[in-house]
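The structure tokens that follow cover one protein chain in two forms, given apart as structure 1 and structure 2.
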Structure 1
Amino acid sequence: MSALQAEGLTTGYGSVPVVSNVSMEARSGEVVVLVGPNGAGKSTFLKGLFGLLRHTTGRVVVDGRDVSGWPPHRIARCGMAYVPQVSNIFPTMSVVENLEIGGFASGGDVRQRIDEVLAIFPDLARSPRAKAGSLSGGQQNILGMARSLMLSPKVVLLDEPTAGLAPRYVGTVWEQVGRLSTAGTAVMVVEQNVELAMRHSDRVYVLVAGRVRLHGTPEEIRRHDLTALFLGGGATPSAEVGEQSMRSV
């Protein structure tokens, strides 16, 4: 069973849909990436999944439970975490204090969970008392991921975790994304760098103008001319590729 299923989701801002009839899934222990041109609706889709934007059609299922229409705090308690591109840490607080806030909703003693999360992210474990604002951009993004794990989510949504980072930190962030999936979490990532996305993912969805145009494994997606597709040509809407992707998106 998929940890996350989105079926026919239409969402946007006000009465204007940005993504229309989009369906995706993410299974436990895999990394799924969303790629596409600027303005394709990738970040909007994540916000719709997490309840930050209302959807007018479709449903969202987390670990077998329909969370459609739920507010974000209830969705988080059900097993989904969301790490936005910006404002994903509390800069004046320490690494440990950020993690404590991430685990606040659990209502119990979070110290054991902090130790478990820090074991996944050794870079953070080396400086647990450091102020979050003093960390590098890459380390801050990693802290955002770590905080998302405090409630042991089934699904983690990451919105462009490598945006604006120096090249030497990009590989580190993707290494940590791999750690999330190795721990059994389903990870869905919005990524602008298509080659990076395909190098580090298990499956890829291509969004153009608010619709899924292709999905499949990285090897399958590479057979297509994504430049032409991003510019409006190429595959037809909702096209699927390869023997592994014959089901409807």
Structure 2
Amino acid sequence: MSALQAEGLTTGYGSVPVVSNVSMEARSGEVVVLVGPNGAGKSTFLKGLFGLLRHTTGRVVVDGRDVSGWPPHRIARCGMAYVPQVSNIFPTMSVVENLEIGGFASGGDVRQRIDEVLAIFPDLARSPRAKAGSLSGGQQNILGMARSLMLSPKVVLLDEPTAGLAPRYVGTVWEQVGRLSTAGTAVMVVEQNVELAMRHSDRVYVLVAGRVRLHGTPEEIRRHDLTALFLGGGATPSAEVGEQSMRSV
């Protein structure tokens, strides 16, 4: 079933929309990847989904509930989690405290869940009392991801989780994405590296200049010239046709 559904979302900063009329879906157990050139509005779209930006039009449905217009903390309690591209930890708080905050909405004792999450990320378990801000960039990203799993979410949004990471962390991140989807979680990942994105995803959305230009399975997407699409904003006829044929799939 559909864990996350966005219909005709238009959002941005102030009065100028950055993302226009974008529809996307992530089903339970599915890895959906969002690719597109820099500044296309991928991060903005995720913020809009989570209620961090007001959206002017459209609907967001999480786990069957329409959360359009809800404040972020209530959306979090519906089972959506989000790891921003930057600033994805609480730097003056310890690793364990970061995880406690991740489990904040549960309201109860989260110690057992912290142990479970630390068991998934042995790298973090080694220094549970360390200040998050003192961790390496890679460890910080991993901590951000660990934090997002505290409430066992139905859908996780990851904004460029591997950007600037050492190769061994890139492996860890994709391994976790795979594990989450196997466990039935819907994962929506923004990924710069298109090849990597194709390899790890069930479906791909191509966002250019704030609009979905193309979507489909990695095999379907491979038939298109993404570079031209990225550069030309998708004005080439083949891309237009491609988009229509994908839609009918």
Partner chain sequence: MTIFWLSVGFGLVTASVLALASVGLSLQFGVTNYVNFAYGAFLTLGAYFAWTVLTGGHLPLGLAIVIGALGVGVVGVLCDRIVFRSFTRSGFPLFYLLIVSFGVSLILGNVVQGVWGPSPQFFAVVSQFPLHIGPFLLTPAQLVIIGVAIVSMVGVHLLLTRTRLGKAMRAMSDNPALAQVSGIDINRVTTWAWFISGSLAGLAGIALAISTASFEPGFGENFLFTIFAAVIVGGIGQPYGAMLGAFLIGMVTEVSAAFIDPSYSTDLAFVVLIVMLLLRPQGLIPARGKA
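Here the rigid core means the biggest group of C-alpha atoms that line up within 1.5 Å when the two forms are laid on top of each other. Please note that residue numbering is based on structure 1, beginning with 1 at the start of its sequence. Predicted model, so just to flag it, every value in this text is computed and none were measured.
Only structure 1 of the pair represents the form predicted on its own. Of the listed residues 82, 226, 114, 180, only 82 lies at a hinge between rigid parts moving between the two structures; the rest are more than 12 positions from any hinge. Of the two rigid parts that make up the chain, the smaller rotates 17° against the larger between the two structures. Once the two forms are overlaid on the core, residue 123 shows a Cα shift of 4.9 Å between the two structures.
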